[in-house]
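Okay, so here's just one chain, in structure tokens, the form predicted on its own.
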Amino acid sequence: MDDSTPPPPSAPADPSPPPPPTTSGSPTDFLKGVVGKRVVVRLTSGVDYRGILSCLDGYMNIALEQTEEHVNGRVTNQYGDAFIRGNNVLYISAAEPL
């Protein structure tokens, strides 16, 4: 046989990079994780409520403690407890690191 046969191609020195890490939490996990913590609740009207998330249900009805109402970035009212009907909620955001 002839030794002029080229060697088989070698594997690349650096394989493709691993995929970026993904967050494995579901919305339910997030909501369970923020109960008892400070949150921002944005309503469909654009009004924000900031307070401690006391509890919520499957309809996104929310109970907040130590609640402040923010309109256009300004505090307009302060409430001890506030109950927000779920169909008015646009989103819930953590106000402190989880």
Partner chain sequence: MDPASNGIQEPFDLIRLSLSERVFVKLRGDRELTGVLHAYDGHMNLILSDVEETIMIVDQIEGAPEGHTTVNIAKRKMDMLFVRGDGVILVSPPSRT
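Positions refer to the first chain, counted from 1. All of these numbers come straight from a predicted model, not from anything done at the bench.
Another form, the form predicted in complex with its partner chain, is not on view; read the next lines as being about it.
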property: Heavy atom of L43 within 4.5 Å of its partner chain in the model of the complex; result: yes
property: Contact label in the model of the complex: D57 to its partner chain, heavy atom within 4.5 Å; result: yes
property: Contact label in the model of the complex: V39 to its partner chain, heavy atom within 4.5 Å; result: no
property: Residues in 40-72 with any heavy atom within 4.5 Å of its partner chain in the model of the complex; result: L43, Y49, S54, C55, L56, D57, N61, I62, A63, E65, E69
